[in-house]
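Only one chain is shown below, in structure tokens, and it's the form predicted alone.
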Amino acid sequence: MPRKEGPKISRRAWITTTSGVIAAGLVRSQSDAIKLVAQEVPAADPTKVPGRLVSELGRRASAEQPKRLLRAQELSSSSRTPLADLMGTITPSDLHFERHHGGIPDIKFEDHELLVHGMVDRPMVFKMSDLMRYPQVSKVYFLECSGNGGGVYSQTRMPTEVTVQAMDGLLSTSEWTGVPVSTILREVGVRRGASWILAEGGDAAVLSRSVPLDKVMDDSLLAYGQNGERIRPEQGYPVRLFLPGYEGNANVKWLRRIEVTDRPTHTREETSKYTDPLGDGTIRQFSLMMDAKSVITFPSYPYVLPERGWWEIQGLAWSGRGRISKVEVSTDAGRSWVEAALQGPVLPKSTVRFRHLFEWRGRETIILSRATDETGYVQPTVQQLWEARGPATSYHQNHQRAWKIAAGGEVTFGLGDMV
């Protein structure tokens, strides 16, 4: 069938329309005239109609509108990254997950100050302009809330209709820019016997966490940049503590104070919260490192495989201990495993995308992934995790994720079939 074309615009019609509109005083620029003409012509062929002009800020295509999943309980709130909708490993800044305990403070860049004191030779106050005079570095790292997945996995409740976003959306990866914390601590002079710091935020919750001094001196940042721009308010503007590979809550946002100490401070967020009750009645405290983990992002709920044949299983893997060395995929509920391909570059303490071709023959099955990091740590099964941690733990849920593919192609959360 021949393609129908929209009405053509002659040069005379263009001039007449533009002149008439301007003469009537209805438009004040050529761009207004372009818009008016474009409105009268069906946009069947974009080469026949002038497009919109440049703008101060770019925008996504109108059909591309990924959104974060919001969960708010008064001031304690969160949003989750749509992992299944993203490509590569870098999370767009406006889709990076959020987790707040007292809302997002409104802090002015020029007014903010960072106090560094305690067991130091020269207590100092740094303004943002002071921090930015020091040599900066940029690194790609993941950030994950230690409660990621905790709302889904339970020995008593195992839903099937849950998306990757709802399950593991408290995970994002960015390029972080800032000054190494070690640079600032060398500036103030750390005294002998110091072994911890207390990091305090400037939000309404005054969130505070204890961090081992060795970690701070190793690879931690005072991050004021993210993905090529100033860090956004919801991510800690104007500066946050960034601890590569550590649980998200310890990466204190809106950082206003660092106190160097010789012991942990035992704040609210590391006593009544962010601890792991174990099966023997004890509690695991300062479990800061995020263990190796992986999740299949495609196929996942609510996708339906429309036909039999070859499909590419895709997902993300990461470890707070370093690089991911391999990811294995099972398409038969864990009875056999095949190594997946990793999409480079494989960076330490960053997400890596994995891929595996899978021939689906129209039969019900369960697909899983498991990650191994460079230390040899292997992502456990859910049974192994519960045996080690007990049924009450709600943090650091890094066990294998599973998806069930029904004979009709429907994909649902499949872990309930394995416990």
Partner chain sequence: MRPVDRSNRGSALVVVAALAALLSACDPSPGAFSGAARATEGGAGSGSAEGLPAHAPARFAFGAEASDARVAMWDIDVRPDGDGLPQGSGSVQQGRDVYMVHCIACHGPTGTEGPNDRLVDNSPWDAYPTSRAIGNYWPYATTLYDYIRKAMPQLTPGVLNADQVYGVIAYILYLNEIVPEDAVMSAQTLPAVVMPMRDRFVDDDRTGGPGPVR
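Please read these numbers as outputs of a predicted model, since none were measured by experiment. Numbering follows the first chain given and starts at 1.
Form predicted in complex with the partner chain: not shown, discussed below.
Participant: Indicate whether the candidate residues Met124, Arg263 and Phe286 are all in contact with the partner chain in the predicted complex, with contact defined as any heavy atom within 4.5 Å.
Facilitator: Spot residues vs the partner chain: full contact, yes.
Participant: Quick one: does Glu98 come within 4.5 Å of the partner chain in the predicted complex, counting heavy atoms only?
Facilitator: Contact check for Glu98: no, nothing within 4.5 Å of the partner chain in the predicted complex.
Participant: Flag Thr163 as yes or no: does it have a non-hydrogen atom within 4.5 angstroms of any non-hydrogen atom of the partner chain in the predicted complex?
Facilitator: Heavy-atom contact with the partner chain at 4.5 Å: absent for Thr163.
Participant: In the predicted complex, does His396 come within 4.5 Å of the partner chain, counting heavy atoms only?
Facilitator: His396 belongs to the contact set for the partner chain.
Participant: So in the predicted complex, is the partner chain close enough to Trp337 to count as touching (4.5 Å, heavy atoms)?
Facilitator: No, no contact at 4.5 Å.
Participant: Which listed residue (Asp85, Asp94, Glu234, Glu113) meets the criterion of a heavy atom within 4.5 Å of the partner chain in the predicted complex?
Facilitator: Filtering the options by heavy-atom distance leaves Glu113.
Participant: Here the chain is shown alone; which of Lys326, Arg308, Arg230, His117 has a heavy atom within 4.5 Å of the partner chain in the predicted complex?
Facilitator: In short, His117.
Participant: Could you tell me which of 207-215, 329-337, 168-176, 309-317 sits within 4.5 Å of the partner chain in the predicted complex, going by non-hydrogen atoms?
Facilitator: Result of the contact check: 207-215.
Participant: Considering only 370-398, what residues come within 4.5 Å of the partner chain in the predicted complex, judged by heavy atoms?
Facilitator: Thr375, Gly376, Tyr377, Pro380, Gln384, Leu385, Ala388, Arg389, Pro391, Ala392, Thr393, Tyr395, His396 sit within 4.5 Å of the partner.
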